[in-house]
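This document starts with one chain, in the form predicted alone, laid out as structure tokens.
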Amino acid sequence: MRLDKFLAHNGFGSRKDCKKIIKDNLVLVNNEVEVNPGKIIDVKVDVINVDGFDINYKEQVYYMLNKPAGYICSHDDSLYPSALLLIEDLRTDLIMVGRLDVDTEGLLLITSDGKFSHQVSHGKKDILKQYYVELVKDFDLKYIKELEAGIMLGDDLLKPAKVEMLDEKSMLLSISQGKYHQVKRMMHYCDNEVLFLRREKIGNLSLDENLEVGEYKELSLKDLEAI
């Protein structure tokens, strides 16, 4: 791998930024200053040091973000800031696993692993995503059976959902799909409206209760297995 690409993958900015770091004599390869950005390195053998710190290459990264409202799940930040701006890792290959609406909070997975993202969002296994939903008015319990059987939204027959009422105006709603504004449209079908929405689980992985809104953490192997 090229040295500048290695640094970019490890959060040191764009390839242009990394070339400057190298030209400024801040990078050692096997304890020797390296000024050639195109230097080919073996990430499994060579020791890379930047400004006094050894850098271990991570081929793939996996993060859990407690997404705030007001951030969009897109690289296009022309209307709203992208949720990726909250990740200090400057890798250019980060992608969001599925989407949350701009006004929805909660569990968002961010990774560099496209295969993992596809398996979670579009894989053959139905991975349930659980949402905490607050409603404008009391929920009519007659709709629970319909939601759990699968309702029609436009031309789409939704897969069965799971509903757990918390009180008259709030519930935990679990769905395995991620259609456009799905939870809000499901509540409209039930003659209600979403007041607040937060995703709390993906599979068996729960949003870390110690993560403040806007904070993130790297996922462990145990976390990934829970998904």
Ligand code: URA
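In this text, residue numbers run from 1 along the sequence as written. In this text, all values refer to a predicted model and were calculated from it rather than measured experimentally.
Unshown form predicted together with ligand URA; subsequent notes refer to it.
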item	value
In the predicted complex, the one of 134, 93, 77, 101 near ligand URA [non-hydrogen atom within 4.5 angstroms]	101
Of 58, 39, 169, 184, the one that lies within 4.5 Å of ligand URA in the predicted complex (heavy atoms)	184
Any non-hydrogen atom of residue 197 within 4.5 angstroms of ligand URA in the predicted complex	yes
Residue stretch of 27 to 35, 176 to 184, 157 to 165, 40 to 48 approaching ligand URA in the predicted complex, non-hydrogen atom distance within 4.5 Å	176 to 184
In the predicted complex, residues of 1 to 38 near ligand URA [heavy atom within 4.5 Å]	none
